[in-house]
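So this first bit is one chain, no partners, the form predicted alone, shown in structure tokens.
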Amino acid sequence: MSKIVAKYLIETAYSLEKAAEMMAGEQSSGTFIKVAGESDELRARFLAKIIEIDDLGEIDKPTLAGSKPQKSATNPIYRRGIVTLSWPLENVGVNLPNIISTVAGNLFELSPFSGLKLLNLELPQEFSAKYPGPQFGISGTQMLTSVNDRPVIGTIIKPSVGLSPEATAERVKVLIEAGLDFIKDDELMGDPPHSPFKKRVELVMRVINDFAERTGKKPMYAFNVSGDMDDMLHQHDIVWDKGGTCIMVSLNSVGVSGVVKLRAHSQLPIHGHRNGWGAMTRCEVLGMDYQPYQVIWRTAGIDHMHVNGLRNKFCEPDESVLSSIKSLLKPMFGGYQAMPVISSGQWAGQAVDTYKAIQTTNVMYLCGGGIVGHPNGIEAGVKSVLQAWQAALTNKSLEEMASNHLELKTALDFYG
């Protein structure tokens, strides 16, 4: 029988076994007390099963406030553990929203727990019959950008908001003439009065299409279509009609059902921005890790997914970033490839270390200030990043490559 399998980090003053039983019951056939109709036969068929419990030991005090130990406990002892549960597929069916409710729903609010975090999620093959996954993924993105032997190098339009459509198009012209493969709207940019979506697309794509006719290379621009469902579909059509090659959505704002509907309609790669992700994962014992997060969104059909970057400007440690990249590149359902988007405070300085750690160029490498803030200008910023990746791919140090590449040397001196 096909199963859904999820692994959790838990923290509780109950025994780990009792806590796991409560998790299994609450998220399948049971509640806090046995009710009429919950027969032994029903429980045998539909109750979630405890696969494994790994005791991680005691902790000094509960991490999260509000948990309640057993009433009989006069001196409660809190422990952490890893619990793996499974559910029969017939509990939920092939339904992504209900999967999320099952593996990442009310569990987070149960009072016996002072911590609970979803670490890993495995979906059965049946999901591939309903959800086709990424339409373009890595290979399709590389084909559209004409980049195959190095990362897709890109940036974000800054200032995030405030530029008119004309000013945005002018900025795009400078960026693509400098050699960039990919540009995207900032996640804060949508369809505001100061930069109407339709006009921004028209002017930006005029610049990109003119460049493509002259050079034979068509840079990819990800227009942010995040919004109400009908608006997203309409804005996709505007991008498609003007010759665009990518759209972007804010995953946590649009939601799984929104992405699934957009994927079914789309003829373009969908760039997935994870803004709001920190609220889901920043606490060590609450929310979810990236592995289950990307499983959900890859299944829904996202082609590119943000993963942060080494020595980023946010709070995420390098080990977490690398784990995210590797989980996203791991095959699922025999395919479903999505391209990791490395970003956040990136510049030439992280390229060599990034490649050493991931050993692949099947990524996007987005630099904001690391390109447009280069003291010798945007073109020099692009060259510095390309030179840094050339160093990585030829097993050279940044300093060695910089000895005869001024743009990289200037970047190393300037950014430190």
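Fair warning: this is a prediction, and the values are worked out from it, not measured in the lab. In case it trips you up, residue 1 is the first one in the sequence shown, and so on.
Omitted here: the form predicted in complex with another copy of the chain. The next part is about that form.
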{"query": "Sole residue of G278, P76, G335, G179 within 4.5 Å of another copy of the chain in the predicted bound form, by heavy atom", "finding": "G278"}
{"query": "Of N209, S160, Q135, S323, the one that lies within 4.5 Å of another copy of the chain in the predicted bound form (heavy atoms)", "finding": "S160"}
{"query": "Heavy atom distance at most 4.5 Å to another copy of the chain in the predicted bound form, all of S86, G140 and K198", "finding": "no"}
{"query": "Contact of K68 with another copy of the chain in the predicted bound form (heavy atom, 4.5 Å)", "finding": "yes"}
{"query": "4.5 Å heavy atom contact, D231 to another copy of the chain in the predicted bound form", "finding": "yes"}
{"query": "4.5 Å heavy atom contact, Q27 to another copy of the chain in the predicted bound form", "finding": "yes"}
{"query": "Contact label in the predicted bound form: Q125 to another copy of the chain, heavy atom within 4.5 Å", "finding": "no"}
{"query": "Partner-proximal stretch of 236-244, 326-334, 140-148, 305-313 relative to another copy of the chain in the predicted bound form, 4.5 angstroms, heavy atom", "finding": "305-313"}
{"query": "Sequence-ordered residues of 278-293 touching another copy of the chain in the predicted bound form, heavy atom within 4.5 Å", "finding": "G278, A279, R282, C283, L286, G287"}
